[in-house]
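Provided below as structure tokens are two forms of one protein chain, presented individually as structure 1 and structure 2.
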Structure 1
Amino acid sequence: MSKKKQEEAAEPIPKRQQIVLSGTKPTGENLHLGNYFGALRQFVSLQDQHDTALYFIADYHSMTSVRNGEERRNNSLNVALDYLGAGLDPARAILFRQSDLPEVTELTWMLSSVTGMGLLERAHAYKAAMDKGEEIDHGTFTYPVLMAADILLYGSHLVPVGKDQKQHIEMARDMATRFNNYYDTDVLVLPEPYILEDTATVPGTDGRKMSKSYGNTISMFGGKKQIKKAVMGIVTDSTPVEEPKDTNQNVFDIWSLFATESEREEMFARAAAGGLGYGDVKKDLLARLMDYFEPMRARRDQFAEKPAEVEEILRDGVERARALAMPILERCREAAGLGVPHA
């Protein structure tokens, strides 16, 4: 390592200056509690703690599952509305659409060329698709490379995600290290996942990880009827009302997402004493959940009436994203000997 690089490596970057980045695929599903508590809520808190936070709509990524252009466009607008409704503020965070900066696909290619097949074959998502016997396209196989390019193109330090995405960030670090080594550069920053322990894996109504692919979700912005049905359907054991309840059940875990520490202690004491019905816990959860998301729903509805304003926010966002990305991409090109040589 050169002396300059060593000095740089020795200087930790102050927290405020660390760049935060994350993305959401516009697959057309309603956001669920797992998405919110596992990822989106952290997007919101980090926009205040860091000078630069980028949140994008991963529309290129959705191409492996959504095969209709109009649908994708519509879904993408919906992710933008979810972001704005949840409290992402264009004054504090850069909101943009992945495909508005198509240069990310150039970095994807550069990274593809330093990524071993073995690394990609070990990806959980790919292995799961193989196990299910699904027909897998090349885009699905190389999904982690595009995701690495998303992260590395902006010099991101921190990536807020749920635990299921951790492996992808480790793969991005691997690709960055290889690229930097091959081309004797330090242009690519090694990112860290940002995963909160308490909400790393939010359970669904059946106790497995909440996920749209398991059909066990509780939606954030869905209709009250739909949400009620999901909440009332949370699986519990069959302990009679008068008897003490085991608080290690997902109904208590989900309820706890909406309660303070002292409320939680009180509820758990009631559960231990007996006389608490699961139906009452679910009713209370439903009321809390509706109240909690109400202001976000109202904000989302307001933006939904102004799609031109949302487009303007994304247009402004991509310009700010571009300003961060282009110098990094230029340095990658220069290091790899691509394009017109620099003087």
Structure 2
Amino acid sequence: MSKKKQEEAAEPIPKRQQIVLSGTKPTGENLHLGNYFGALRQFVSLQDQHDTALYFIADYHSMTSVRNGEERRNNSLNVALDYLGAGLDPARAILFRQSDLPEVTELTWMLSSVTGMGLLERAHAYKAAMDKGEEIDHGTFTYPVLMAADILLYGSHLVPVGKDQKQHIEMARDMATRFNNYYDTDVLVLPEPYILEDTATVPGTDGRKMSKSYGNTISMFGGKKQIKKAVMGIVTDSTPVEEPKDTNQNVFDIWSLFATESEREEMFARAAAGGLGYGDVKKDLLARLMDYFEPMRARRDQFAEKPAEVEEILRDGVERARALAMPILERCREAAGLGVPHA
């Protein structure tokens, strides 16, 4: 769907009624600059731009990769701390744990009954796993159905995703359309992907896209020693200090994330003139990076010292999420002839 069509499709929804939703799988990976500039920063801003913003910790989804219960609980808590540290305000957004609202699995089954095998076989994640020769379990194969239920259960209109995840929203729309058509209802809202064209694709320390799987990340909440090691390890060319520098390198791209336009112009002019060492750029980047995330680290540490308060935030969040979910689930049940009809 083109950006123009996406905007046209979303236009009839008054801003006050828009529901935006996203989830994060608790796999134990530390948040890095790519996570923040590519997603988390936008999530925080969306809580002010829309009437309802839901962010859930996708612990059911993590069951395809994390096989230890205690590890999953710890990972889930860490995701909550990361969100809260980054500025998610539980008074403005709804933060909850997916498994605290197990009704999502009921909608998953309803959607499974109208979803063709061919659709699931075309899922990018499934095809990638097959290409790698990985062992495929049922959870991996039907992963898109649970993801669709996550989206559709709350009447979500907008789902922030990267371009490579757009297929998940298209599949959710397909499942919602089939359910609505089979049961002659309009209960399931067709969501739209919310793709931010100007979202930064953060390069890693080796120049490739920053990703945990590449081992090229710079942590948001790591210790200074760990972060310094990553920053000083950013790969650069071998141009001598006195020579002009090519600013089309990842060290300048990462540094630019923390600089104003005028600061970028000044730095690039110095690079073009020669006499600027890559070590100087890295040292300045380290200082800027530590300053930028310090308030977030402090806020995260404060919440980490109060785990009971975090659990209370999650309990409140799931009750608010349930208030949105249950009317939709009840209408799905009635449309499908499940249970006793409501008066």
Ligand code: TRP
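Rigid core here is just the name for the largest C-alpha set that superposes within 1.5 Å across the two forms. The first residue in the sequence of structure 1 is number 1, and each one after it adds one. Being a predicted model, the structure only gives us computed values, none of them experimental.
Of the two copies shown, the first one, structure 1, is the form predicted together with this ligand. Superposition of the core reveals a Cα shift of 2 Å or more for residue 286 between structure 1 and structure 2.
Once both forms are overlaid on the rigid core, the distance between the two CA positions of residue 249 between structure 1 and structure 2 is 2 angstroms or more.
Here residue 218 counts as shifted, since its C-alpha moves by at least 2 Å between structure 1 and structure 2 after the core is aligned. A C-alpha shift of 4.6 Å is found for residue 266 between structure 1 and structure 2, based on superposition of the rigid core. Core superposition gives residue 208 a CA displacement of 3.7 Å between structure 1 and structure 2.
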